[in-house]
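What follows is one chain in structure tokens, specifically the form predicted on its own.
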């Protein structure tokens, strides 16, 4: 981080590469993060997009991307990225493409693909040390089909398929830890509401070759049930409460890049979203709120120096 060119928000790119006028939802936290990542990534890229919300970005014959875009089924983005990378390497080896015109290969997936049905293909790609950037917009549910429960849904949240009085009884899968167990070139968590932290991580990821993860929390106004104007506020609260730790993995070491100095109670985050309203109305569920707070406290106590 000490060698970063991003010392303040004034250093962030002002040009916006991803086109506007797409059919994405207003206030989409995933799109917010993608805009920022793409501005840093540049137009010389090939996006391999697994089925999900971001599939809506390109509606034939129109696309908001400056470079190429390839659609795949939910489980196939890493395999598609492998094919694109191989094709580029062959063109360069045969002298049909100058090395300086090489493209960045990017897999773009939602949490349903990344945490679930695409995980096996991703594991294989990391094992093969595929040179690709893997972006996940994590809205903690199958957002474009009605916010059904996904492997990323947090404990206690209500979804279209989990309407019980206590919300989702399971636990969110730890995708960051799964990637770290594979010893990738780089892995990071980020959120669009913290653009400076995001920019530094993208900068680091682009300076490295090999499998690299950018896992972005994506506040979802339609799926999480909040006013789109609160996307940034909710993203910041996710960090301040400690529910979404900002961290990165490199060379076998995990570093927290923006640990909350004085954590805000998780209640402040939960009460902003309709998916947690059952914890406050008609009867307040202090037991379930305390469960969620205890999980966050245990995480930070475990990583404390």
Partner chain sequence: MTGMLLTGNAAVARGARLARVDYVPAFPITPQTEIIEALAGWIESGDMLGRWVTLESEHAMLTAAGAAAATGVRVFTATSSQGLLYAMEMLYTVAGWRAPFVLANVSRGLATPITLEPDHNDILAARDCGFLQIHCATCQEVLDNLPIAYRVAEDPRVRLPVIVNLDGFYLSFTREPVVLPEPQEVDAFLPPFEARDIRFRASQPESQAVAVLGGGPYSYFRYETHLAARNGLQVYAEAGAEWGERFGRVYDVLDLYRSEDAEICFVMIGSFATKAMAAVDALRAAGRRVGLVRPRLLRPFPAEALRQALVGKRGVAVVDQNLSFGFGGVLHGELCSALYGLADAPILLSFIGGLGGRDIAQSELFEMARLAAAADRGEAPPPRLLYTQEELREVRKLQTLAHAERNRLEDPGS
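Numbering follows the first chain given and starts at 1. All of these numbers come straight from a predicted model, not from anything done at the bench.
Only in words, not in the display: the form predicted in complex with the partner chain, which the text now covers.
> Determine whether any heavy atom of residue 124 comes within 4.5 Å of a heavy atom of the partner chain in the predicted complex, and answer yes or no.
Within the cut-off, so yes.
> Give a yes/no on whether residue 58 approaches the partner chain to within 4.5 Å in the predicted complex, heavy atoms considered.
Within the cut-off, so yes.
> How about residue 181: is it within 4.5 Å of the partner chain in the predicted complex, going by heavy atoms?
Contact check for residue 181: no, nothing within 4.5 Å of the partner chain in the predicted complex.
> Can residue 80 be called a contact residue for the partner chain in the predicted complex at 4.5 Å between heavy atoms?
Yes, residue 80 lies within 4.5 Å of the partner chain in the predicted complex.
> Counting only non-hydrogen atoms, choose the one of 219-227, 72-80, 173-181, 198-206 that falls within 4.5 Å of the partner chain in the predicted complex.
Single hit among the candidates: 72-80.
> Considering non-hydrogen atoms and a 4.5 Å limit, which listed residue (193, 152, 84, 133) is close to the partner chain in the predicted complex?
The option sitting close enough to the partner is 84.
> Only one of 185, 232, 103, 160 gets a heavy atom within 4.5 Å of the partner chain in the predicted complex. Which one?
Flagged contact: 103.
> When you measure heavy atoms, are 266, 283 and 290 every one within 4.5 angstroms of the partner chain in the predicted complex?
Checking in the predicted complex: none of 266, 283 and 290 is within 4.5 Å of the partner chain.
> Taking heavy atoms and a 4.5 Å limit, what residues of 86-123 are near the partner chain in the predicted complex?
86, 87, 88, 89, 90, 91, 94, 96, 97, 100, 101, 102, 103, 120, 121, in sequence order.
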